[in-house]
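Before any questions on how it binds or moves, here is one chain, the form predicted alone, in structure tokens.
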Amino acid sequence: MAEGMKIRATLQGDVADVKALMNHIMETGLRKDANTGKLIPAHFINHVVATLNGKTVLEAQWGAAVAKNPFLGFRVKGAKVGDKIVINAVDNHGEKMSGESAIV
């Protein structure tokens, strides 16, 4: 898998605005290869977990309908400057990717 993900987390009051860009092909399994005519196997992120200082704040199950290089945005209440946001993702092939950022 190529470069994992980029995360930016900014504090607005006591709410952290978290934005993550994941680098993944997100292949649905329904598309055909233009040269061979065979179906391209499904390859997509199916589980995402975000933590704030080790406490889970978001958990999601994704399917093949999510676009290539998905963008994830969410807000976390009660965060402080310097808190650590970590996002872990696993795809249907078992490949893992993660990223982390401190809240600024």
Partner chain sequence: MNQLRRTFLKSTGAAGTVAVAIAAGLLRPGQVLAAEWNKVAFDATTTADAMKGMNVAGAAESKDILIKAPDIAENGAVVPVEVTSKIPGTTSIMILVEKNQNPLIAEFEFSNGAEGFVSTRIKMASTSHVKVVVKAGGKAYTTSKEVKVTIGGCGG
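Numbering follows the first chain given and starts at 1. No experiment lies behind these values; they were computed from the predicted model shown.
Keep in mind that the form predicted together with its partner chain is not shown, yet the notes after this line are about it.
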Taking any heavy atom pair closer than or equal to 4.5 Å as contact, tell me whether residue 38 reaches its partner chain in the predicted complex.
no
Classify residue 89 as contacting or not contacting its partner chain in the predicted complex by the rule of any non-hydrogen atom within 4.5 angstroms, answering yes or no.
yes
So, residue 21 and its partner chain: in the predicted complex, are they within 4.5 Å at any heavy atom pair?
yes
Taking the shortest heavy atom distance, is residue 15 within 4.5 Å of its partner chain in the predicted complex?
yes
Residues of stretch 65-104 in contact with its partner chain in the predicted complex (4.5 Å, non-hydrogen atom):
65, 66, 67, 68, 69, 71, 72, 73, 74, 75, 76, 77, 88, 89, 90, 92
